[in-house]
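Same protein, same chain, two forms; see structure 1 and structure 2 below, as C-alpha coordinates.
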Structure 1
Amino acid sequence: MNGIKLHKKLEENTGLLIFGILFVSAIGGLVQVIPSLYDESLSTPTANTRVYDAVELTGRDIYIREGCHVCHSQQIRPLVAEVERYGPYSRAGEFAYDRPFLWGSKRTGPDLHRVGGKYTDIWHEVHLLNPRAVVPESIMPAYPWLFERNASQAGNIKKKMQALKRLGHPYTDDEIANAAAALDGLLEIDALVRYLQMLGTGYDESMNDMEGM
(Lines of atoms letter the chains of each structure in order from A and count residues from 1; the text may use other names and numbers.)
(Lines give C-alpha, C1' and ligand atoms only; values in the text may rest on other atoms or scores of the structure.)
Protein backbone atom coordinates (compact mmCIF):
# COMPACT_ATOMS: atom_id res chain seq x y z
CA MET A 1 0.00 0.00 0.00
CA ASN A 2 2.83 2.34 0.85
CA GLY A 3 4.38 1.72 -2.54
CA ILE A 4 1.20 2.91 -4.18
CA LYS A 5 1.17 6.02 -1.99
CA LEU A 6 4.74 6.81 -2.88
CA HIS A 7 3.80 6.32 -6.47
CA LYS A 8 0.95 8.84 -6.17
CA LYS A 9 3.60 11.44 -5.38
CA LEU A 10 5.76 10.46 -8.35
CA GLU A 11 2.89 10.45 -10.76
CA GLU A 12 1.68 13.86 -9.77
CA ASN A 13 5.00 15.65 -9.90
CA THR A 14 6.89 15.98 -13.18
CA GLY A 15 10.24 16.73 -11.57
CA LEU A 16 10.02 13.80 -9.17
CA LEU A 17 9.06 11.49 -12.00
CA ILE A 18 12.07 12.55 -14.08
CA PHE A 19 14.39 12.18 -11.14
CA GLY A 20 12.87 8.85 -10.14
CA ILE A 21 13.38 7.35 -13.58
CA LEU A 22 16.93 8.65 -13.82
CA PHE A 23 17.82 7.33 -10.40
CA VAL A 24 16.25 3.90 -10.78
CA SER A 25 17.74 3.35 -14.23
CA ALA A 26 21.20 4.52 -13.19
CA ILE A 27 21.69 1.99 -10.39
CA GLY A 28 22.52 -0.96 -12.63
CA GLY A 29 25.13 1.00 -14.54
CA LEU A 30 26.73 2.35 -11.40
CA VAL A 31 27.14 -1.08 -9.87
CA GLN A 32 28.01 -3.05 -12.98
CA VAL A 33 29.64 -0.75 -15.54
CA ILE A 34 31.56 1.79 -13.49
CA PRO A 35 33.60 -0.81 -11.51
CA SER A 36 34.54 -2.49 -14.79
CA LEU A 37 36.05 0.77 -15.98
CA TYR A 38 38.45 0.62 -13.04
CA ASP A 39 39.19 -3.08 -13.39
CA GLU A 40 42.83 -3.20 -14.45
CA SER A 41 42.68 -6.85 -15.42
CA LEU A 42 40.57 -5.65 -18.34
CA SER A 43 42.82 -2.83 -19.48
CA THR A 44 46.34 -4.19 -18.95
CA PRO A 45 47.85 -5.44 -22.22
CA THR A 46 49.16 -9.03 -22.30
CA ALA A 47 52.93 -9.50 -22.65
CA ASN A 48 52.90 -9.60 -26.45
CA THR A 49 50.19 -7.06 -27.09
CA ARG A 50 51.45 -3.84 -28.63
CA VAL A 51 49.91 -0.74 -30.21
CA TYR A 52 49.03 -0.79 -33.91
CA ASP A 53 51.67 0.83 -36.10
CA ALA A 54 50.69 3.42 -38.70
CA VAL A 55 49.94 0.85 -41.43
CA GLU A 56 48.02 -1.54 -39.17
CA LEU A 57 46.00 1.27 -37.69
CA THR A 58 45.07 2.45 -41.17
CA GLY A 59 44.11 -1.12 -42.05
CA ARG A 60 42.00 -1.41 -38.94
CA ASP A 61 40.13 1.77 -39.74
CA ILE A 62 39.47 0.44 -43.25
CA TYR A 63 38.12 -2.75 -41.67
CA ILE A 64 35.75 -0.57 -39.64
CA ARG A 65 34.82 1.63 -42.59
CA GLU A 66 33.90 -1.40 -44.72
CA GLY A 67 31.94 -2.97 -41.87
CA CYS A 68 33.82 -6.29 -41.84
CA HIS A 69 32.75 -6.54 -38.17
CA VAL A 70 29.08 -6.96 -39.09
CA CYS A 71 29.91 -10.45 -40.42
CA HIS A 72 33.07 -11.37 -38.53
CA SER A 73 33.61 -11.67 -34.81
CA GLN A 74 36.95 -11.21 -33.09
CA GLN A 75 36.20 -13.05 -29.90
CA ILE A 76 37.05 -16.73 -29.45
CA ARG A 77 35.06 -18.27 -26.62
CA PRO A 78 36.63 -20.73 -24.20
CA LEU A 79 34.85 -23.78 -25.66
CA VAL A 80 36.63 -26.89 -26.90
CA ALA A 81 35.13 -26.74 -30.39
CA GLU A 82 35.85 -23.07 -30.72
CA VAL A 83 39.49 -23.34 -29.67
CA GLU A 84 39.85 -26.26 -32.05
CA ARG A 85 38.44 -24.18 -34.89
CA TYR A 86 39.97 -20.79 -34.29
CA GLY A 87 42.84 -21.11 -31.79
CA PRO A 88 43.46 -20.11 -28.17
CA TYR A 89 40.53 -18.27 -26.69
CA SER A 90 40.60 -14.47 -26.45
CA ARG A 91 41.96 -12.70 -23.37
CA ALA A 92 40.86 -9.23 -22.28
CA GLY A 93 44.41 -7.84 -22.33
CA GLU A 94 44.79 -8.57 -26.03
CA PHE A 95 42.23 -5.85 -26.77
CA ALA A 96 43.79 -3.15 -24.61
CA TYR A 97 44.54 -0.95 -27.63
CA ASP A 98 41.30 -1.62 -29.48
CA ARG A 99 39.32 1.57 -29.89
CA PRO A 100 36.60 0.69 -30.60
CA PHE A 101 36.42 -3.02 -29.71
CA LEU A 102 35.49 -5.20 -32.70
CA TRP A 103 34.14 -8.36 -31.09
CA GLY A 104 31.03 -8.39 -33.27
CA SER A 105 27.69 -10.07 -32.64
CA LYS A 106 27.21 -12.20 -35.72
CA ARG A 107 29.31 -14.83 -37.48
CA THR A 108 28.14 -14.81 -41.04
CA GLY A 109 31.82 -15.44 -41.71
CA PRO A 110 34.35 -17.12 -39.39
CA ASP A 111 35.96 -15.52 -36.36
CA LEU A 112 39.03 -13.52 -37.31
CA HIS A 113 40.70 -12.98 -33.97
CA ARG A 114 43.55 -15.38 -34.76
CA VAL A 115 43.51 -15.18 -38.55
CA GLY A 116 46.93 -13.49 -38.52
CA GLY A 117 49.48 -15.80 -40.18
CA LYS A 118 46.83 -18.34 -41.20
CA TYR A 119 47.04 -17.44 -44.89
CA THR A 120 49.59 -15.69 -47.13
CA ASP A 121 49.21 -12.04 -48.09
CA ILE A 122 48.48 -13.10 -51.65
CA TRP A 123 45.65 -15.36 -50.47
CA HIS A 124 44.02 -12.41 -48.68
CA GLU A 125 44.41 -10.17 -51.71
CA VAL A 126 42.85 -12.66 -54.08
CA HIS A 127 40.14 -13.40 -51.54
CA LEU A 128 39.26 -9.76 -50.95
CA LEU A 129 39.25 -9.02 -54.68
CA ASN A 130 36.80 -11.85 -55.21
CA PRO A 131 36.08 -14.30 -52.40
CA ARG A 132 34.49 -16.75 -54.82
CA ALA A 133 37.79 -17.14 -56.64
CA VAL A 134 39.11 -18.93 -53.54
CA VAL A 135 35.98 -20.26 -51.87
CA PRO A 136 33.35 -20.94 -54.59
CA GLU A 137 30.39 -21.10 -52.20
CA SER A 138 31.40 -17.94 -50.29
CA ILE A 139 28.78 -15.28 -49.56
CA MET A 140 31.33 -12.64 -48.62
CA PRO A 141 31.24 -9.44 -50.70
CA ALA A 142 34.12 -8.46 -53.02
CA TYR A 143 36.17 -5.35 -52.30
CA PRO A 144 37.65 -4.24 -55.64
CA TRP A 145 37.89 -0.57 -54.68
CA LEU A 146 40.49 -1.29 -52.01
CA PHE A 147 42.89 -1.99 -54.86
CA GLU A 148 42.43 1.46 -56.35
CA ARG A 149 42.90 3.81 -53.44
CA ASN A 150 46.08 4.86 -51.69
CA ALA A 151 46.37 4.02 -48.03
CA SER A 152 47.40 7.59 -47.25
CA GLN A 153 43.97 8.78 -48.40
CA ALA A 154 42.20 6.71 -45.76
CA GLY A 155 42.20 9.42 -43.11
CA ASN A 156 44.80 11.63 -41.49
CA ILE A 157 47.18 9.16 -39.86
CA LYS A 158 49.15 11.73 -37.92
CA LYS A 159 46.06 13.18 -36.29
CA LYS A 160 44.78 9.70 -35.56
CA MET A 161 47.92 8.70 -33.73
CA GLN A 162 47.98 11.96 -31.82
CA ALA A 163 44.41 11.38 -30.70
CA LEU A 164 45.25 7.87 -29.56
CA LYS A 165 48.32 9.12 -27.76
CA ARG A 166 46.10 11.47 -25.80
CA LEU A 167 44.07 8.42 -24.82
CA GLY A 168 47.19 6.77 -23.48
CA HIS A 169 48.54 4.69 -26.37
CA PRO A 170 52.34 4.72 -26.07
CA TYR A 171 53.31 6.20 -29.45
CA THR A 172 56.66 7.98 -29.61
CA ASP A 173 56.96 11.38 -31.28
CA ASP A 174 59.18 9.75 -33.90
CA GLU A 175 56.56 7.18 -34.78
CA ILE A 176 53.99 9.90 -35.21
CA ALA A 177 56.31 12.06 -37.28
CA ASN A 178 57.17 9.15 -39.61
CA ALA A 179 53.60 7.83 -39.82
CA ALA A 180 52.73 9.43 -43.13
CA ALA A 181 55.94 8.20 -44.74
CA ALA A 182 55.15 4.64 -43.64
CA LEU A 183 52.02 4.71 -45.79
CA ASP A 184 53.82 5.92 -48.90
CA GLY A 185 53.23 3.75 -51.91
CA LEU A 186 50.78 1.44 -50.14
CA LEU A 187 47.26 0.78 -51.34
CA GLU A 188 44.33 0.39 -48.96
CA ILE A 189 44.38 -3.35 -49.55
CA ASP A 190 48.00 -3.53 -48.35
CA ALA A 191 47.15 -1.78 -45.11
CA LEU A 192 44.11 -4.00 -44.55
CA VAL A 193 46.11 -7.18 -45.12
CA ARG A 194 48.83 -5.97 -42.75
CA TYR A 195 46.14 -5.53 -40.13
CA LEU A 196 44.65 -8.98 -40.77
CA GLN A 197 48.09 -10.54 -40.51
CA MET A 198 48.77 -9.09 -37.08
CA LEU A 199 45.39 -10.12 -35.64
CA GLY A 200 45.73 -12.41 -32.65
CA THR A 201 49.49 -12.06 -32.36
CA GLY A 202 49.15 -10.78 -28.79
CA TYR A 203 49.17 -14.49 -28.11
CA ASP A 204 51.90 -16.10 -25.97
CA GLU A 205 52.76 -19.56 -24.63
CA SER A 206 50.91 -19.08 -21.37
CA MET A 207 47.67 -18.90 -23.34
CA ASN A 208 47.92 -22.50 -24.44
CA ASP A 209 46.54 -23.77 -21.19
CA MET A 210 42.82 -24.24 -21.19
CA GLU A 211 42.32 -22.83 -17.74
CA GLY A 212 38.93 -21.27 -17.40
CA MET A 213 37.44 -23.40 -20.14
Structure 2
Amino acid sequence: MNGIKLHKKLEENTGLLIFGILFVSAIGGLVQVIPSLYDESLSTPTANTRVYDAVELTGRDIYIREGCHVCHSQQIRPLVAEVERYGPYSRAGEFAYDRPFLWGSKRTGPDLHRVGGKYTDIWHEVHLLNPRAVVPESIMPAYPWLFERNASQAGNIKKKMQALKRLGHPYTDDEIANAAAALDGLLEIDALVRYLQMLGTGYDESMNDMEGM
Protein backbone atom coordinates (compact mmCIF):
# COMPACT_ATOMS: atom_id res chain seq x y z
CA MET A 1 0.00 0.00 0.00
CA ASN A 2 2.84 2.39 0.83
CA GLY A 3 4.28 1.81 -2.65
CA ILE A 4 0.96 2.67 -4.25
CA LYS A 5 0.66 5.86 -2.20
CA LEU A 6 4.19 6.91 -3.11
CA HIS A 7 3.56 6.24 -6.81
CA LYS A 8 0.32 8.26 -6.66
CA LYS A 9 2.14 11.10 -4.94
CA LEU A 10 4.79 11.11 -7.68
CA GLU A 11 2.13 11.23 -10.41
CA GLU A 12 0.28 14.09 -8.76
CA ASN A 13 3.39 16.21 -8.08
CA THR A 14 4.92 17.38 -11.38
CA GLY A 15 8.10 18.71 -9.80
CA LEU A 16 8.72 15.51 -7.84
CA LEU A 17 8.04 13.40 -10.92
CA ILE A 18 10.53 15.39 -13.00
CA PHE A 19 13.14 15.05 -10.24
CA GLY A 20 12.56 11.29 -10.10
CA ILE A 21 12.96 10.92 -13.86
CA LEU A 22 16.17 12.95 -13.86
CA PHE A 23 17.54 10.99 -10.88
CA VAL A 24 16.93 7.61 -12.47
CA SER A 25 18.29 8.83 -15.84
CA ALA A 26 21.42 10.16 -14.12
CA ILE A 27 22.11 6.78 -12.52
CA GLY A 28 21.75 5.06 -15.91
CA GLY A 29 24.07 7.59 -17.52
CA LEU A 30 26.73 7.30 -14.84
CA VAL A 31 26.73 3.51 -15.11
CA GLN A 32 27.63 3.89 -18.79
CA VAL A 33 30.01 6.86 -18.58
CA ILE A 34 32.12 6.23 -15.46
CA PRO A 35 33.71 2.94 -16.61
CA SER A 36 34.85 4.57 -19.88
CA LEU A 37 36.65 7.33 -17.94
CA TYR A 38 39.00 4.73 -16.46
CA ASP A 39 39.49 2.67 -19.61
CA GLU A 40 42.82 3.87 -21.01
CA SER A 41 42.39 1.90 -24.23
CA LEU A 42 39.66 4.35 -25.29
CA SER A 43 42.06 7.33 -25.24
CA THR A 44 45.34 5.63 -26.18
CA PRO A 45 46.30 6.24 -29.83
CA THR A 46 46.76 3.18 -32.01
CA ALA A 47 50.27 2.43 -33.27
CA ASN A 48 49.68 4.26 -36.57
CA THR A 49 47.62 7.16 -35.22
CA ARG A 50 49.32 10.57 -35.26
CA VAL A 51 48.29 14.18 -34.83
CA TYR A 52 47.12 16.12 -37.88
CA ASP A 53 49.80 18.30 -39.43
CA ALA A 54 49.07 21.96 -40.20
CA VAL A 55 47.63 21.27 -43.67
CA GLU A 56 45.47 18.32 -42.57
CA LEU A 57 44.21 20.24 -39.54
CA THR A 58 43.23 23.15 -41.76
CA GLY A 59 41.51 20.71 -44.11
CA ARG A 60 39.58 19.29 -41.18
CA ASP A 61 38.41 22.77 -40.19
CA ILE A 62 37.22 23.35 -43.77
CA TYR A 63 35.46 19.97 -43.72
CA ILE A 64 33.59 21.02 -40.56
CA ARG A 65 32.90 24.55 -41.86
CA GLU A 66 31.30 23.22 -45.04
CA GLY A 67 29.10 20.80 -43.05
CA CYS A 68 30.53 17.63 -44.62
CA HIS A 69 30.04 15.83 -41.29
CA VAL A 70 26.29 16.43 -41.49
CA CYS A 71 25.91 13.98 -44.40
CA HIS A 72 28.97 11.76 -43.89
CA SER A 73 29.69 9.84 -40.70
CA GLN A 74 33.18 8.75 -39.65
CA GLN A 75 32.34 5.69 -37.61
CA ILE A 76 32.23 2.23 -39.12
CA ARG A 77 30.35 -0.01 -36.72
CA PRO A 78 31.37 -3.65 -36.07
CA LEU A 79 28.59 -5.04 -38.25
CA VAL A 80 29.15 -7.35 -41.21
CA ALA A 81 27.26 -5.13 -43.67
CA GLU A 82 29.27 -2.04 -42.69
CA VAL A 83 32.64 -3.77 -42.71
CA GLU A 84 31.97 -5.28 -46.13
CA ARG A 85 30.97 -1.89 -47.56
CA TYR A 86 33.35 0.53 -45.85
CA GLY A 87 36.28 -1.50 -44.51
CA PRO A 88 37.58 -2.45 -41.03
CA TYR A 89 35.41 -1.10 -38.26
CA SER A 90 36.56 1.98 -36.35
CA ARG A 91 38.63 1.66 -33.17
CA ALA A 92 38.52 4.21 -30.33
CA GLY A 93 42.28 4.81 -30.44
CA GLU A 94 42.07 6.06 -34.02
CA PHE A 95 40.19 9.15 -32.77
CA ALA A 96 42.61 10.06 -29.95
CA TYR A 97 43.49 13.37 -31.64
CA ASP A 98 40.05 14.24 -33.01
CA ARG A 99 38.63 17.39 -31.41
CA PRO A 100 35.72 17.40 -31.91
CA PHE A 101 34.76 13.85 -32.84
CA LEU A 102 32.97 13.57 -36.19
CA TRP A 103 31.42 10.13 -35.72
CA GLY A 104 27.86 11.01 -36.71
CA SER A 105 24.84 8.78 -37.15
CA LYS A 106 23.20 10.15 -40.31
CA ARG A 107 24.48 9.00 -43.69
CA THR A 108 23.07 10.90 -46.62
CA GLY A 109 26.42 10.01 -48.20
CA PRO A 110 28.74 7.09 -47.43
CA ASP A 111 30.86 6.81 -44.30
CA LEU A 112 34.29 8.35 -44.89
CA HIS A 113 36.39 6.87 -42.11
CA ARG A 114 38.33 4.59 -44.49
CA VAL A 115 38.34 6.90 -47.52
CA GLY A 116 42.05 7.76 -47.11
CA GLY A 117 44.00 6.34 -50.06
CA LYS A 118 40.88 4.88 -51.65
CA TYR A 119 40.83 7.48 -54.44
CA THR A 120 43.44 9.74 -56.01
CA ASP A 121 43.81 13.43 -55.20
CA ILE A 122 42.48 14.27 -58.68
CA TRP A 123 39.36 12.17 -58.07
CA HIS A 124 38.61 14.10 -54.88
CA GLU A 125 39.18 17.43 -56.61
CA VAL A 126 36.81 16.56 -59.46
CA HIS A 127 34.28 15.17 -56.99
CA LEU A 128 34.24 18.40 -54.98
CA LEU A 129 34.08 20.60 -58.09
CA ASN A 130 31.44 18.53 -59.91
CA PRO A 131 30.23 15.52 -57.89
CA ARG A 132 28.17 14.01 -60.71
CA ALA A 133 31.21 13.86 -63.00
CA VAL A 134 32.47 10.87 -60.98
CA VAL A 135 29.32 9.72 -59.17
CA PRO A 136 26.35 10.23 -61.54
CA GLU A 137 23.72 9.49 -58.89
CA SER A 138 25.27 11.88 -56.32
CA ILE A 139 23.10 14.55 -54.69
CA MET A 140 26.10 16.30 -53.12
CA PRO A 141 26.46 20.02 -53.92
CA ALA A 142 29.56 21.38 -55.65
CA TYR A 143 32.16 23.44 -53.78
CA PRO A 144 33.80 25.66 -56.43
CA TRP A 145 34.91 28.28 -53.90
CA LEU A 146 37.40 25.79 -52.43
CA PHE A 147 39.42 26.25 -55.63
CA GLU A 148 39.53 30.04 -55.19
CA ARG A 149 40.33 30.61 -51.51
CA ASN A 150 43.79 30.38 -49.97
CA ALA A 151 44.12 27.75 -47.24
CA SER A 152 45.82 30.29 -44.95
CA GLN A 153 42.53 32.22 -44.78
CA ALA A 154 40.69 29.29 -43.17
CA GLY A 155 41.82 30.29 -39.66
CA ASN A 156 44.79 30.94 -37.39
CA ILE A 157 46.47 27.54 -37.59
CA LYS A 158 49.28 28.50 -35.20
CA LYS A 159 46.91 29.42 -32.37
CA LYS A 160 44.84 26.31 -32.99
CA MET A 161 47.87 24.04 -32.72
CA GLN A 162 49.01 25.84 -29.57
CA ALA A 163 45.59 25.24 -28.02
CA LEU A 164 45.63 21.56 -29.00
CA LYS A 165 49.11 21.18 -27.51
CA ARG A 166 47.76 22.41 -24.18
CA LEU A 167 45.12 19.69 -24.45
CA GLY A 168 47.78 17.02 -24.87
CA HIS A 169 48.42 16.81 -28.60
CA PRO A 170 52.18 16.18 -29.07
CA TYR A 171 53.04 19.07 -31.35
CA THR A 172 56.62 20.32 -31.23
CA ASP A 173 57.54 24.00 -31.04
CA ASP A 174 59.03 23.78 -34.53
CA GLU A 175 55.82 22.30 -35.98
CA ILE A 176 53.81 25.14 -34.49
CA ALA A 177 56.29 27.81 -35.59
CA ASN A 178 56.27 26.50 -39.18
CA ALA A 179 52.52 25.86 -39.35
CA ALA A 180 51.61 29.03 -41.26
CA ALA A 181 54.44 28.52 -43.76
CA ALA A 182 53.15 25.01 -44.50
CA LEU A 183 49.98 26.57 -45.93
CA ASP A 184 51.76 29.00 -48.26
CA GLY A 185 50.65 28.59 -51.88
CA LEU A 186 47.91 26.09 -51.01
CA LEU A 187 44.22 26.48 -51.75
CA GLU A 188 41.44 25.26 -49.48
CA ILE A 189 40.83 22.33 -51.84
CA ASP A 190 44.44 21.19 -51.32
CA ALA A 191 44.06 21.19 -47.54
CA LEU A 192 40.70 19.42 -47.64
CA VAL A 193 41.99 16.66 -49.91
CA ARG A 194 45.02 16.18 -47.64
CA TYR A 195 42.64 15.69 -44.73
CA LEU A 196 40.47 13.23 -46.63
CA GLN A 197 43.52 11.22 -47.66
CA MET A 198 44.49 10.76 -44.01
CA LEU A 199 41.13 9.45 -42.84
CA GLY A 200 41.36 5.89 -41.57
CA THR A 201 45.12 5.57 -41.97
CA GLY A 202 45.58 5.00 -38.24
CA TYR A 203 44.41 1.42 -38.71
CA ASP A 204 46.83 -1.48 -39.01
CA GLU A 205 46.32 -5.23 -39.40
CA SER A 206 47.92 -6.01 -36.03
CA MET A 207 44.78 -4.68 -34.31
CA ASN A 208 42.89 -7.69 -35.60
CA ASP A 209 45.54 -10.05 -34.17
CA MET A 210 45.42 -8.36 -30.76
CA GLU A 211 41.63 -8.53 -30.58
CA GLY A 212 41.68 -12.20 -31.53
CA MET A 213 43.94 -13.15 -28.59
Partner chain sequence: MSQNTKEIYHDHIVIRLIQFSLFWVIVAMAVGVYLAAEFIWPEIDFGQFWLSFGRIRPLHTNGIIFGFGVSALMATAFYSVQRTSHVPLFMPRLAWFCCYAWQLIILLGGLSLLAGWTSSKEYAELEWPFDIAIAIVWVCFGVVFFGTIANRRIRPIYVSNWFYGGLIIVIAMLHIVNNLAIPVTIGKSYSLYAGAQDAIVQWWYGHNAVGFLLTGGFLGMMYYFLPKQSGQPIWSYRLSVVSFWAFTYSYIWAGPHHLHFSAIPEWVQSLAMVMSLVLLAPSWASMINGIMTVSKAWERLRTDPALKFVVMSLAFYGLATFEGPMMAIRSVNVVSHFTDWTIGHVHSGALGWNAMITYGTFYYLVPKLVGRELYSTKMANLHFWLALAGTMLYVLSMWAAGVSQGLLWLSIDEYGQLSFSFREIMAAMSSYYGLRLIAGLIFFAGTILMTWNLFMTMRGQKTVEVTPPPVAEKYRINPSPKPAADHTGTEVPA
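Worth saying up front: this structure is predicted, and the values here are computed from it rather than measured. Residue numbering: sequential along structure 1, first residue numbered 1. What we label the rigid core is the largest C-alpha set whose atoms superpose within 1.5 Å from one form to the other.
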Deciding between structure 1 and structure 2, tell me which is the form predicted in complex with its partner chain. 1
Rigid core superposition, residue 17 Cα moves 2 angstroms or more between the two structures: yes
